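In the block that follows, a single chain appears as structure tokens, in the form predicted on its own.
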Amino acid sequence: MDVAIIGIGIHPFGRTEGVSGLEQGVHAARGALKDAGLEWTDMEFAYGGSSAAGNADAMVSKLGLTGLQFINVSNGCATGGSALQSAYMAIQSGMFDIGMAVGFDKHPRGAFTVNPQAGGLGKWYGDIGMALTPQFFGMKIQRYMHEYGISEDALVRVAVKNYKNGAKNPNAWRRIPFSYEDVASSQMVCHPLRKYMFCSPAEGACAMLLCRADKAKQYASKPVFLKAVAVKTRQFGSFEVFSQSQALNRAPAPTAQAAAAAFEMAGTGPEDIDVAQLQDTESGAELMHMAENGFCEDGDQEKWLREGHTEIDGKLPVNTDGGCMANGEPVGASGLRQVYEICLQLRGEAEQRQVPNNPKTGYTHVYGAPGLSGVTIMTN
């Protein structure tokens, strides 16, 4: 049974003083209901997630005590994508006809903190300074750049593109574009990654309504159809956050597995995608994910960026809403923000950042610790 997205809602990302993460989630949920012309009482179920702002199911106290099934989802940076997959499976199974996926967060200021014990490691891993994700990201992209001949120029170009796109997005946090020189001369954090190449913890929320595809036209004039949703975890030998050593033989990254599963499910390939949202925790992540998702060969990213292929008017626009760099990353909402953006693009409603030539197929990808990835493929 096919599944459609019939309503979308968002609370602006960034910092919203005096508004809790839960209240931001409620705002997004009400926006999605309004978009589809429905009421909370029409929902048969909900899946929702938050990392730092409380249990998503507490939203019922503000949306209405209707008795519906509401299940909390927690899956790192893939929390929003996992909530969407759960909703997708609930409808595809035939158990429900209509429901909601929602995610929100309100992280404290400062860098993300890591609890090694929650990731299956001992407290010692943090005590000796190993649980530093920027350090891991720096090490990972260093090796990748060395192996495939990629220069720091590519890292700068990713950031410049994403901030430029974010400046066109009314819901983004960072809405001032940075020049090439701004990024290239910003403070070094973990070589080769500089300050303006990273995303930041943030606040925000996103929600969407899903229903059986054969009922979609009852609620939406421009439904978006979910052709594939896949979430995969790491294999032994993939180099991921919390890896305590490197195996002699490498295994594919969880992103490569999730992408392959999604393309097989959708019966399509990378060449058929018109617009994509890829996890850009930092510039290096977007570079590697371009190849891991199958859109280019390892090492081709620099050429792609220099030739503008990932710009809004390029052959594969990537992170048209500014990605995590411009929006920040509220963990529970980030994956759903990507889907929200693809829905706007496929509906032709992205305004200043609208991809030309009526895009028909969109793609989203999230990646998170300790090594998991979620992918969706959508059509209009």
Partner chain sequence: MASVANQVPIAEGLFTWPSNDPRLLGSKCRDCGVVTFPAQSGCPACCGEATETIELERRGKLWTWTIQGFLPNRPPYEGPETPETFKPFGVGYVELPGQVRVEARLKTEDPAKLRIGMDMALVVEKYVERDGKDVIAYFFQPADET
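Numbering follows the first chain given and starts at 1. Keep in mind that what you see is a predicted model, and the values were worked out from it rather than measured.
The protein also exists as the form predicted in complex with its partner chain; that form is not presented, and the subsequent description refers to it.
S.K.: Closest heavy atom of residue 214 to its partner chain in the model of the complex, within 4.5 Å or not?
M.R.: Looking in the model of the complex, residue contacts with its partner chain do not include residue 214, since no heavy atom lies within 4.5 Å.
S.K.: My question is simply whether residue 176 lines the interface with its partner chain in the model of the complex - judged by any non-hydrogen atom within 4.5 Å.
M.R.: Heavy-atom contact with its partner chain at 4.5 Å: absent for residue 176.
S.K.: Looking in the model of the complex, any heavy atom of residue 129 within 4.5 Å of its partner chain?
M.R.: Looking in the model of the complex, residue contacts with its partner chain include residue 129, since a heavy atom lies within 4.5 Å.
S.K.: Can you tell me whether residue 220 touches its partner chain? I mean in the model of the complex, with a 4.5 angstroms heavy atom cut-off.
M.R.: Answer no; every heavy atom of residue 220 is more than 4.5 Å from its partner chain in the model of the complex.
S.K.: Going by heavy atom distances of 4.5 angstroms or less, which of 113, 233, 92, 268 would be at the interface with its partner chain in the model of the complex?
M.R.: Contact residue from the list: 113.
S.K.: Looking at 180, 125, 148, 225, which has any heavy atom no more than 4.5 Å from its partner chain in the model of the complex?
M.R.: By the 4.5 Å heavy-atom cutoff, the listed residue in contact is 125.
S.K.: Among the candidate stretches 130 to 138, 155 to 163, 289 to 297, 252 to 260, which one is within 4.5 Å of its partner chain in the model of the complex when only heavy atoms are counted?
M.R.: In the other structure, the partner sits against 130 to 138.
S.K.: If the criterion is a non-hydrogen atom within 4.5 angstroms, does every one of 41, 45 and 68 touch its partner chain in the model of the complex?
M.R.: No: none of 41, 45 and 68 comes within 4.5 Å of its partner chain in the model of the complex.
S.K.: Taking its partner chain in the model of the complex, which residues of 246 to 260 have any heavy atom within 4.5 Å of it?
M.R.: Those in contact are 246, 247, 248, 250.
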